[in-house]
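One chain comes next, on its own, written out as structure tokens in the form predicted alone.
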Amino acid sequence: MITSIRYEELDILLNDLFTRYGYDFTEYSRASLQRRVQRLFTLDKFPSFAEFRHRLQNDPLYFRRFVEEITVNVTEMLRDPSFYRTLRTSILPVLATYPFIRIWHAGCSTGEEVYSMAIILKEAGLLHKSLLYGTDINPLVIEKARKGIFPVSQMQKYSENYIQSGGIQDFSAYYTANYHLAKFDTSLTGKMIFSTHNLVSDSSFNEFQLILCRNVLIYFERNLQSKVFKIFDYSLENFGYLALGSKESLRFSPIADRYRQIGKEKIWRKVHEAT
């Protein structure tokens, strides 16, 4: 018989994880979090909640598996091609006027969107004066992002996205295929810095002209969303850009009155500093 994780047990578990490891998941969307914790509990065939709790408290390696499973790591290169077309036509020409460009991909997962950005910057002649920061709470996906190695089976889909986004080269020129893996060129990876960063508990670490956090905030409760928006606002220089996922918005956020949406895509420009 499969045991279900009750809400009160989930609360106990989240408190344990904060006390033991310093990871605070208490303001993640509760329903979504419970589904993912239940999935892991069932997948690893724990006979009771007590044994599941004991394993998490006393096995740091299993805790890493827990983080990997409950954080959402669904991504792809040049996802939503119209978004990247807007970056090419409306945002990069403005960033081109800066002497140096700093871009933060918050919640970057395995890094596909960071590599996407590097490609369009290279085609715009801007990569040489850019630095791309990719951060995620999950250290395992950050390790994968640093390597820049992805399944060859995904390249056809990524190539289609690339063409639809306004790509002007042969997409295969950006990677070397070896059997079932594709490794992206060091001319791209040399402009990237990947690091763990927890949007719940960590603060701003630099000033940026563009911040992207796409399809991450939908998993946060409203209070945590507001906290993260304030971090982004503090990290974004005046007239910089903030890009969110297709189901996310600045509307009703505490920083909404300082931003203006650019076209139909979920991209906002900071037009006023905080008072």
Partner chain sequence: MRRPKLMIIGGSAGSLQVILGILPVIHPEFPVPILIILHRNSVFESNLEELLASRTQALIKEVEEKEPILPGAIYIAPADYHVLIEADHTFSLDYSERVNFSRPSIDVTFRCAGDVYGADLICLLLSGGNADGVEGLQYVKGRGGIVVVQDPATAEVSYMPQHAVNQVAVDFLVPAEDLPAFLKGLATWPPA
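Owing to the predicted nature of the structure, the values given are computational and were not obtained by experimental measurement. Residue numbers count along the first chain shown, from 1.
One more form of this protein, predicted in complex with the partner chain, exists but is not displayed; see below.
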item: Selected contact from 222, 65, 55, 230, since only one has a non-hydrogen atom within 4.5 angstroms of the partner chain in the predicted complex; value: 222
item: In the predicted complex, the residue from 206, 226, 238, 246 that sits within 4.5 Å of the partner chain by heavy atoms; value: 246
item: The partner chain in the predicted complex reached by all of 34, 215 and 251, non-hydrogen atom within 4.5 Å; value: yes
item: Contact test in the predicted complex: residue 29 vs the partner chain, heavy atoms, 4.5 Å; value: yes
item: Non-hydrogen atom contact residue 144 with the partner chain in the predicted complex at 4.5 angstroms; value: no
item: Contact flag, residue 85 vs the partner chain in the predicted complex, heavy atom cut 4.5 Å; value: no
item: Interface membership of residue 76, the partner chain in the predicted complex, 4.5 Å heavy atom rule; value: yes
item: Stretch from 76-84, 180-188, 96-104, 120-128 whose residues place a heavy atom within 4.5 Å of the partner chain in the predicted complex; value: 76-84
